[in-house]
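Before any questions on how it binds or moves, here is one chain, the form predicted alone, in structure tokens.
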Amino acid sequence: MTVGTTSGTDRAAVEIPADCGAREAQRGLSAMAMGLVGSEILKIAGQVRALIAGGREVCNLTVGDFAPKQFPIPQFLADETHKALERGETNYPPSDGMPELRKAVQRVYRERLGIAYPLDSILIASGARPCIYATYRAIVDPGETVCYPVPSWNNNHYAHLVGAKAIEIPVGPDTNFLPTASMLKNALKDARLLALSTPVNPTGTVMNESEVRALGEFLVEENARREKSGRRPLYLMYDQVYRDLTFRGFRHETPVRLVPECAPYVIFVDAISKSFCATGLRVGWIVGPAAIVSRMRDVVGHVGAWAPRAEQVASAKLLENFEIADAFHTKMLEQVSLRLEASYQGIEKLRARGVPVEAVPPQGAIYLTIRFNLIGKPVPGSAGVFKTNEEIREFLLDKAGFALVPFQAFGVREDSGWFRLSVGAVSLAEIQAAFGRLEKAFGG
């Protein structure tokens, strides 16, 4: 008996041209796909990679990621992932996640965050992004309103994906790049979802306890008013993937612990991605009202956004072992803090020399918010002046190998000189060398 194959080795391959379907795409794509904008950050990162591949010395401060050479995952997590694979943990996980991981998340939230959720309130997915998408998709109908601060990460794109109207709240250094409860009251009167993160991507700033409490109280009051008038509730998506990364005495807090009555309206997004330098392992979770989470489970299930089974099993063991997790965080926080502080001091040194720069002192995440206040000022070594953030970014990259992301990538429209600096993919020595080049670029 001859067994057939699908290798096609006895036939010539059909050549498909690179422009196949290009003419038809204008008529064939959906309006959503036609209007979707690609990641501005990834575009910049691609430019930086090409320069490095060409031999340029570049300090890549663009990506919100960890270079394994600088920040490896916990060895315990790697070992347990390998063991799970060797045991054959390679098939589909349950649609809501492996039970042991859901229990581990439940324990972390109870013992570390002070909020005790039932197991049905916890859904595992392949990182934080599917959790964010599932939140948008489960809460917001096309034409309804989503509110979020600007700058913030990707909310404009998620709003587009679900056909939502966006209300953007511009925030700046006067409010620590976070909206206050008083700023939100008018903006949220017709909103269905408020999207917030703390510590914040891109600014690295942390919402203080009094504002978190005021936010929880506002949610309760606003939804009491809506219930009386029969209006649909307002939900808060509280992205806290950087909750373990805080510095200089700043502390992460949650509205549900401070104001338990707001729990029916709060959806937490979380992951091992940032807390354990494990961005590529793709393990995240949603914690929220069980009736809402059950529908999110179906959204995640239909798009197949499950976290890999072996990684789930390994993550459960890590989260359950507080001693190993704490030891890892102690070393990780020290290294992140060293890089952030070196970057901040580098900016302060430039400022002391008269360069029009400033930075927000490190608070959380892996980011530093810095401003090159150069719009309208002369370009060093040129007769021209800086007109846009993009021109500043290109100057810093070309003259100093100093690669940053402008706040335009996070929804900001005006050219005001603000940038995100990310330290997860570089060494302390690389940062110090980059600031040396930067001093020379400004005539030092």
Ligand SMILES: Cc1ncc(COP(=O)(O)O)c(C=O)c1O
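The structure presented is a predicted model; accordingly, all values stated were derived computationally and were not measured. In this text, residue numbers run from 1 along the sequence as written.
Although it is not shown, the form predicted together with the named molecule is what the next lines describe.
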query: Contact assignment for the named molecule in the predicted bound form, among 74, 127, 346, 308, heavy atom within 4.5 Å; finding: 127
query: Partner-contacting position among 265, 276, 153, 136 - heavy atom within 4.5 Å of the named molecule in the predicted bound form; finding: 153
query: Segment assignment from 237-245, 183-191, 74-82, 88-96: heavy atom within 4.5 Å of the named molecule in the predicted bound form; finding: 237-245
query: The named molecule contact in the predicted bound form: residue 201, any heavy atom under 4.5 Å; finding: yes
query: Distance check, residue 282 to the named molecule in the predicted bound form, heavy atom within 4.5 Å; finding: yes
query: is_contact(residue 132, the named molecule) in the predicted bound form, heavy atom dist at most 4.5 Å; finding: yes
query: Exercise: residue 340 in contact with the named molecule in the predicted bound form, heavy atom 4.5 Å; finding: no
